[in-house]
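Next up: a single chain in structure tokens, the form predicted alone.
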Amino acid sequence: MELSAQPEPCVLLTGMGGVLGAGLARGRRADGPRVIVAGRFRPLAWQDAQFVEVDLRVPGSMRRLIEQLQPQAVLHAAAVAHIDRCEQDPELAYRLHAGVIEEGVAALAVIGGRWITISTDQVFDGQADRYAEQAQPNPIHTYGRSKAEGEEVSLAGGGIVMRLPLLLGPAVLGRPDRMGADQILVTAARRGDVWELFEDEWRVPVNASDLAAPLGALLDPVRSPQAEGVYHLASADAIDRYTLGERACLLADIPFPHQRARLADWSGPPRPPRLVLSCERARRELGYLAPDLRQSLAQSAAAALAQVYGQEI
């Protein structure tokens, strides 16, 4: 990797090639700190940011990156986000979700920077009606367990943990295989696929672009000097998978072909039935107002439609 011999003040972002990264790029402030994006490939949504090629799968890579860049803050979102893939390759899951964090937190502590770990609602088992920020994780699969271990490492080193739910949003520029949960269902419907969607699996999905403001505040210690511990960012409303698909297809003005299913009939990896995140700390300390789900779905549908016609909103 080619880096400046005298690093300038910056924030470092990893894992920006997916739905979260695209949403943060759409919603970020023009007057924010200088951004450096690190990864194996440059995300098209971050073409105007400095890019550093790095393979975080390699031990020591995050430590070396921080030592050379000396960022004032790091947002670590790089992950193996597919539950099935984590079951198939747990070593990779633990490397990206915990090993990288261990390196980064230790290296950043030397220069006094702020570490932010992007985590997931999947650290919970889904048996509670609602989960507050202080709720104790109880993961039921490799993805959740590796993420929970990363949370522990981050918090032990003074880092911040941000748990996110399902994300909504259009396909990522240059990566049409990556899109929000709503647009995945719309795309399947357009292809004529018929999927079974759980009517008893509840989530609180949020539009990825709505996360730019609170995460931007965390990346600037001046704007959030007292931030610490765990925060949740989610929508104000819970919705089941079947209804999510139904509403997404309605907004896309296409027939809804998918069918109802029940978790009791599922034979795959375990799935938490109800992951509803309380965002009280984020509201109180970061000024986060949980968005209305209907508005978030409408915004995602509008952005997806604009992409079809070659416009970016």
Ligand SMILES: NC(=O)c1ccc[n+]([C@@H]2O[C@H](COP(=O)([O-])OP(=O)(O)OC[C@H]3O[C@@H](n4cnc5c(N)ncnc54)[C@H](OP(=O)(O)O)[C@@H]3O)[C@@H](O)[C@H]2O)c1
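Residue positions are given as counts along the sequence shown, with the first one as 1. Every value quoted in this text rests on a predicted model; they were computed, and no experiment measured them.
Absent from the display: the form predicted in complex with this ligand. The rest refers to it.
Per the 4.5 Å heavy atom criterion, this ligand in the model of the complex is contacted by stretch 47 to 55, the sole one of 47 to 55, 283 to 291, 262 to 270, 27 to 35.
With respect to this ligand in the model of the complex, the three residues 79, 143 and 164 uniformly fall within 4.5 angstroms at the level of their nearest heavy atom.
Looking at residue 219, you'd find every heavy atom of it more than 4.5 angstroms from this ligand in the model of the complex. Contact annotation: residue 178 falls within 4.5 Å of this ligand in the model of the complex, judged by heavy atom distances. Heavy atoms of residue 119 reach within 4.5 Å of this ligand in the model of the complex, making it an interface residue. This ligand in the model of the complex comes within 4.5 Å of no heavy atom belonging to residue 93. The contact with this ligand in the model of the complex, taken as any heavy atom within 4.5 Å, belongs to 19 out of 303, 19, 297, 12.
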